[in-house]
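Subsequent text provides structure tokens for two forms of one protein chain, presented individually as structure 1 and structure 2.
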Structure 1
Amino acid sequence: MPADLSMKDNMKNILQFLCKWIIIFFITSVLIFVAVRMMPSTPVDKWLDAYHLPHTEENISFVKQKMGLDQPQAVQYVKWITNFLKGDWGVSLVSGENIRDRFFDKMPYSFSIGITGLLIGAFFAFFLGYRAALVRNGFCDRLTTAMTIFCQSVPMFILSILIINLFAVRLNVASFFTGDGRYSILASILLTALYSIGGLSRVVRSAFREEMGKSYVKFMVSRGFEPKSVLWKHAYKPPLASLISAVITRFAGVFGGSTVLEFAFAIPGLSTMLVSAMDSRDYNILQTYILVVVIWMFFVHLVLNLVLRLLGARREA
């Protein structure tokens, strides 16, 4: 009976989760569709400007027809959203490129910066958090606090200016704006890692501190096991679980977080594409970008919920 009940409960939760995200998806799509069409200048104007053509009635109506903007807005919306759901993300209004191909070209840059940086940061954060929990007000404890405050008060782009200045101009060992951009990506990954270590290590630290107060740790320590190894060998699971959920939560920031870095290091990632699409008022790219962000967030939340459920189930058992 209880198993059956929990099944029903699970189904209800899953349904609720899906419904919520479907509603979010459609509301966001309508909002961004309306928002881009409220812009003072249209892609038609920008296109005519780019080719130095006069803005005559004839030209405007021709370009509008070419871009498919002459149809009623409701028809445009339905066409766009059905095509998007079918996997055809349309073409750029300016260059006529296939948007999906372009997204998949650019995605590796943005995602490698965000995800690799976070994972590296999480790796170091775990050890630092462990050391910080071990010695209260010790070196690591103070270091992680200092790093957290540092991340909250020094913007990333200031550090990126300093890095470019130091390595490219003074020492002349790396070139950021010429070549294949591997130094730019490396620097961005390291910066992302640096900025995630502080907060994540505090998460690990407080989880370890919580375990330290529990009776099984007290018992083992008072029976004469070495305190360090008790913590490291037997109490590592709950802190690891908190670290994992914190990391997944931070995956949500991958899109926003890499924007400034991509701009500072001139990396041709998604945000650079977004910025150029805004310049040319490319409706299709802007709309698609936002929907991709929503889909990414959906997956992040889905994975987070699954992981939390798995960990919770294991803890109860």
Structure 2
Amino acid sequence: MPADLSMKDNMKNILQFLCKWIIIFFITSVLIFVAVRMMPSTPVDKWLDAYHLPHTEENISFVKQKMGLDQPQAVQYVKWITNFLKGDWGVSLVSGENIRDRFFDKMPYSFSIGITGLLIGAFFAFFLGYRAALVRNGFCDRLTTAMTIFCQSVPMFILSILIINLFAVRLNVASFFTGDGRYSILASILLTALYSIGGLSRVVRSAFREEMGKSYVKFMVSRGFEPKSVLWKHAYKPPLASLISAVITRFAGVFGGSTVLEFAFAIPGLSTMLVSAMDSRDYNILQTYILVVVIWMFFVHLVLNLVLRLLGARREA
């Protein structure tokens, strides 16, 4: 009977999780559809300006019909969201290129920077946070504090410029704007990791310090076990769960969080495409971009919440 109840609870949680994200998906799709059409100018205006054509009623009507913007907005929304769910993400209003093909061409750049950098940062943050918790005001504690303050005080683009100047101009050991771009990707990954370590390590440090105050840790230490051994072997799950919970929110930045790096190192990722779409008021790309982020965060929450359940951490999905 308890097993049946547990299975029912799990099914209920899964259904609630799915329903919540379905609602988020459709609400977001409506909001972004309305929001992009509230921008000061339209893709029609941008298209006419690009070709130096007058904004006459005939020209505006022609371009609207060409872009499919002459239909009522309700019809446009239903057509767009239906095609999106079928896997047809449409075409760019400006260039006419297939949006899904463009996304998949640029995704590897943004994903390699965002995911790899964040995972490397989380890996080192856990060990630095653990060492910082052992000795208050010790070397690792001061180091993580300094890293957090440094990353909050120094903008990423300034550090990017300094790296380019040092390694490409002065030392001439790396070429960031020619070749296959591996140096640009590597530098972006390392900077993403660096700007993740400080804040995440403080989260881990606080979680370990909280565990040190609990009775089971104090009891084991009183029995003669070393604090570092007790924390590492028996108290690692809550800090690891706290780290994963903090990482979940940062995964949203995998798409747009690397904008500065992509521009600084001339990486043709999703962020550069987004900025270009905003400049040209390309509704289709902007709408698709936001929905892809929502779908991405759905899978991030799904996977990481499963990991949290395996760790025995109770967390609201």
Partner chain sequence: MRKNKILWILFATFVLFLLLVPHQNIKVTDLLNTYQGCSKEHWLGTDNLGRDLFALMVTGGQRTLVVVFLATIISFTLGSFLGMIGAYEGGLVKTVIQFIADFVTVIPSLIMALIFSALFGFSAPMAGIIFGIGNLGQYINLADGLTTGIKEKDFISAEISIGLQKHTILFLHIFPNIMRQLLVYLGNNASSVVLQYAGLAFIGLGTDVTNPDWGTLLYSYRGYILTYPRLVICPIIAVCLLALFFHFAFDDSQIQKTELTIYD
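Each residue is numbered by where it sits in the sequence of structure 1, with counting from 1. The model shown is predicted, which means the values in this text are computed figures rather than measured ones.
For the form predicted in complex with the partner chain, the corresponding chain is the one labelled structure 1. Considering the chain's movement between structures 1 and 2 as two rigid blocks, residue 80 travels with residue 19. Hinge motion between structures 1 and 2 is captured by two rigid parts, the smaller swinging by 13° against the larger on C-alpha superposition.
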